[in-house]
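Next comes just one chain, in structure tokens: the form predicted on its own.
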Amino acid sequence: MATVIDPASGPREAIMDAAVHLFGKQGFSGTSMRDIAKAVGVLPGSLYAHIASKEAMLVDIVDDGIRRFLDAVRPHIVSGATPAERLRAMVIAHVSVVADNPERSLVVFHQWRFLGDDNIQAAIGKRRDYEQAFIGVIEDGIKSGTFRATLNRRIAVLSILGALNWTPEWLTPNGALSPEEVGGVIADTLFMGLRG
């Protein structure tokens, strides 16, 4: 396997970049410390001078990834815009974070389940915080009459996030449409089911 790191980055960053690449490509359980060491170009034992364990790397990737998504949508949770405009901006922000690093997003969305008992509860809590941000905006939309009063808020949000969480599988960050344009198309498509 060819080295997948930027030689200008520091050792820990190089290790984390390799882990993101391999966890995204092979899955967490399908990636060994030897695989990561080989990608970085060091002996496996040398990794432990910079990281505690394979799971510690996954924790860092998932925590950082969820933080990036929360930071991107946070300005739109409460703003002067309408609930529909806020929700649309949140969808676009989500797609923009995916486009920044689709490999990282794949790991955040699909590999978090491999965290151990001590770490998985924290990840679930952060994921619920993210869901709640969307639920709050949908509730505002229901109160304002923008969205259907009979809408099941949680299922609506899980449907939106379910669609968004697969974008790293097919999104081309440098494609014909910008990430913002792709997010707009997704939002327009998903919102048809929300309106009364």
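One-based numbering along the sequence shown. Nothing here was measured: the structure is a model prediction, and the numbers come from that model.
The form predicted together with another copy of the chain is left out here; the points below concern that form.
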query: One residue of Ser46, Gln132, Ser32, Gln26 in contact with another copy of the chain, assessed in the predicted bound form (non-hydrogen atom, 4.5 angstroms); finding: Gln26
query: Residue among Arg127, Arg68, Lys38, His50 with a heavy atom within 4.5 Å of another copy of the chain in the predicted bound form; finding: Arg127
query: Close approach of Lys143 to another copy of the chain in the predicted bound form, 4.5 Å, heavy atom; finding: no
query: Proximity of Ala156 to another copy of the chain in the predicted bound form, heavy atoms at 4.5 Å; finding: yes
query: Distance check, Val42 to another copy of the chain in the predicted bound form, heavy atom within 4.5 Å; finding: no
query: 4.5 Å heavy atom contact, Glu169 and another copy of the chain in the predicted bound form; finding: yes
query: Site test, Ala81, Val97 and Gly136 vs another copy of the chain in the predicted bound form, non-hydrogen atom cutoff 4.5 Å; finding: no
query: Another copy of the chain in the predicted bound form - contacting residues of 172-190, heavy atom within 4.5 Å; finding: Leu177, Val182, Val185, Ile186, Asp188, Thr189, Leu190
